[in-house]
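Below sits a lone chain in structure tokens, taken as the form predicted alone.
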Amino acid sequence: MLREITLGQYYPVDSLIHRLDPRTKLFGTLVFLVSLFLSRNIWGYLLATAVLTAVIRMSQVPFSYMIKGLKAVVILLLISVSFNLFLTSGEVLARFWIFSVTREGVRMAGFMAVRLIYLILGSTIMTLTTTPNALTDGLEKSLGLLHKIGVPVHEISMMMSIALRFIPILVEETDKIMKAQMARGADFESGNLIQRVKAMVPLLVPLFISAFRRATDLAMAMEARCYRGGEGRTKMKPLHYSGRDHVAYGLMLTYLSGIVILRYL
């Protein structure tokens, strides 16, 4: 399951979504996430589904590769759906033991499941189609106004970029440690959920040691290259908006307007 995590990975393809400015993709992701919380009926989610499907097709990233990231949050998805399904009051459809399933609960559980899945897919598209360096530059440019009031925008963007880049590295490191301990007789597959979680505890010590070692090496490499923060730094590839970015902004605002209109239908 560790290798199924796609967040933080970049899928190199020459597609229209890949060629968009990172600021456009950041704004588009924000608009899509906000629209999911604005939607309150089936029509809003149908519009979100159509937009998400179109973006996935334009990104040219295989859908089978994209949905691999959903396997890591199945437990969270089941818990969220169960809470909404059994703990929402309303018209009772079925009852067993102390639990009751209501019409409103089924509706809320369905919307919650779709919302969580779309949240993950929308965020995954951004990381799969944007390199960490471009994401850092786009985030720094997007938050440029905060720099004028003393917020360390460059440092925050750099930390987020490093964190995203470390996700696949740490996942790969965890997989190596698990295989090494399985070769020594460790069992991570059998037993109930609590036993399997306890079996994962011995992985934490070598994983934390490896993470701190990588962080130290990265800090030393940045100091050796005279890195002193973002003040006065220039960009090898400055960001510039093109015509497709302006069209994308217009489509995003149109989509958000449609969601707001459908909210009251």
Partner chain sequence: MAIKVEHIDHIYGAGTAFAQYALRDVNFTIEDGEFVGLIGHTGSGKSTLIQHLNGLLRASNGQIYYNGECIYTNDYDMRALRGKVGLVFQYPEHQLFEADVFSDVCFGPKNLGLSKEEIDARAREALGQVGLDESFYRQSPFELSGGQKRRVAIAGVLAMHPEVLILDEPTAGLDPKGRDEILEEISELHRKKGMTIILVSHSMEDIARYASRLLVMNQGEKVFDGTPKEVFRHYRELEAMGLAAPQITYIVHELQERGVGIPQDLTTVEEARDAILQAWKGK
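For clarity, a rigid core is taken as the largest C-alpha set superposing within 1.5 Å between two forms. Numbering follows the first chain given and starts at 1. Quick caveat, the model's predicted, so the values are computed rather than measured.
The discussion below concerns the form predicted in complex with the partner chain, not included here.
- 209 is the sole member of 224, 236, 209, 197 with a non-hydrogen atom lying within 4.5 angstroms of the partner chain in the model of the complex.
- Among the residues 82, 181, 123, 88, the one placing a heavy atom within 4.5 Å of the partner chain in the model of the complex is 181.
- When contacts are judged by a 4.5 Å heavy atom cut-off, residue 43 does not count as touching the partner chain in the model of the complex.
- Interface membership of residue 177, defined by any non-hydrogen atom within 4.5 Å of the partner chain in the model of the complex, is confirmed.
- Using a 4.5 angstroms threshold between heavy atoms, residue 13 counts as touching the partner chain in the model of the complex.
- When the partner chain is considered in the model of the complex, residue 228 lies well away from it, no heavy atom lying within 4.5 Å.
- Residues with any non-hydrogen atom within 4.5 angstroms of the partner chain in the model of the complex fall in just one of 216 to 224, 197 to 205, 49 to 57, 35 to 43: 197 to 205.
- In this overlay on the rigid core, residue 110 has a C-alpha that sits less than 2 Å away from its partner position between the shown form and the other one.
- With the core held fixed, residue 208 shows a CA shift of 2 Å or greater between the shown form and the other one.
- Comparing the forms between the shown form and the other one, the C-alpha position of residue 199 differs by 2 angstroms or more, with the core used for superposition.
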